[in-house]
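Take a look at this single chain in structure tokens; it is the form predicted on its own.
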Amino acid sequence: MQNNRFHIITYGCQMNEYDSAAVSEMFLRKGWVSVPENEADVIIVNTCAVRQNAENRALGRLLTLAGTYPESRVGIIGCVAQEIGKKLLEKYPKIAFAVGPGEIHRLPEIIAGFDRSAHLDVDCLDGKGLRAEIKSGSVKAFIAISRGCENFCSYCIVPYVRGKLRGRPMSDIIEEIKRDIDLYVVEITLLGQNVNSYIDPETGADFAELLEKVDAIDGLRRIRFVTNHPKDMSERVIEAISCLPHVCESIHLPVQSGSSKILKLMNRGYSREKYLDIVRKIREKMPDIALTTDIITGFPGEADEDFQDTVTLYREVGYAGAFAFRYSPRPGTAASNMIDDVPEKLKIERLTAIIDMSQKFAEKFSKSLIGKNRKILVEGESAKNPGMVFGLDRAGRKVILPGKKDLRGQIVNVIIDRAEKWFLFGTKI
């Protein structure tokens, strides 16, 4: 086959990473070869449209690549392609194709046919038969269990660019996990825009039942999942997390704001009180759970008292970590029609305050683990620490310990000797 060298560049979330790995797997199966960008016949930029800065970076890279490699077919896939793919093709003749998330399974045939069209059917892909490439030597893998979202949070563009929620057949999910285990994977992360609203399209099974089925797979040692929506964190799901031996004691539970007023404007479907009640139920079952979250500062209408509600909620929950962002309007969302009335300087001040607080709480959580026995899945040798290996504990903290690469893939007991904000250091016992 001629002109069969490809290169993929990925921006955005773990689902984007999974989609890039799935595209790579499709090309490799067809005899294509993955190469550096300067050797590629086809360069694919996989994009995220959730935040304006990420979109700008991706578009800047796309246009630079198209100008730098005029002999290559340079194109865009992912959420930005879905959002503005037609406009990009009209404005920039050097861009060869634009393919949305729902059509990525057709990418090889689209490129092979030199089809300079925007392929943007958001509801086309249900994920059946799609497989992500496993990187050589990896002991962990992502598994997509659903696509799309129907929550329509007022600030979020995901439902518009990824379509309605579609659960992937459980039988297909389990088949892919077993395939990965045969390739020496021992930890999987279940992916979805909202995993705990998963429904199997073939049997009607919910996310708790999926966890039960996955937990029973021979050879699988650990299960993680992202991301959750608090309104769908049912007692049945909490019970499954607390009881199943391979499900890690780590939950990412995005709150976005601690103010019930702002949560209503965000169309989140829960109040401050309801969120704290969910946290209480989780901690009743799992007192040592590591909770992490997402927070947006400066949403339209956020007064000082609303921001203070976020600060006090953060302190009350005591998160092990957080991703925080200042609000930026996304065209086409409900919030883009609201008055963006929080000054940019104040958004940044509030964001800085949240980041500073999250650093302190992260350090507090990490130091609480000093002297404790943690089970670490060793992933490989530490690049910055000769004679050391690294891995994750069940809470998701990175741990560095003395060891050699033959420990890769093993779960070892480690006493934590020292802790930093995001890293733990220990000794194998």
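What you see is a predicted model; the values in this text were computed from it and never measured. Sequential numbering from 1, following the sequence displayed.
There is another form of this protein, the form predicted in complex with a small molecule, and it is not shown here; the text below is about that form.
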With a cut-off of 4.5 Å between heavy atoms, is D294 one of the residues that contacts the small molecule in the predicted bound form?
yes
Wondering, does V50 line up within 4.5 Å of the small molecule in the predicted bound form on heavy atoms?
yes
Whether H105 contacts the small molecule in the predicted bound form should be assessed with a 4.5 Å heavy atom distance threshold; does it?
no
Is R326 a contact residue for the small molecule in the predicted bound form, using a 4.5 Å heavy atom cut-off?
yes
Taking 4.5 Å between heavy atoms as the contact cutoff, choose which of S72, T189, Q256, S250 touches the small molecule in the predicted bound form.
Q256
Just give me the single entry in R330, R222, R166, R272 that has a non-hydrogen atom within 4.5 angstroms of the small molecule in the predicted bound form.
R330
When the small molecule is placed as it is in the predicted bound form, which of 311-319, 132-140, 89-97, 151-159 ends up with heavy atoms within 4.5 Å of it?
151-159
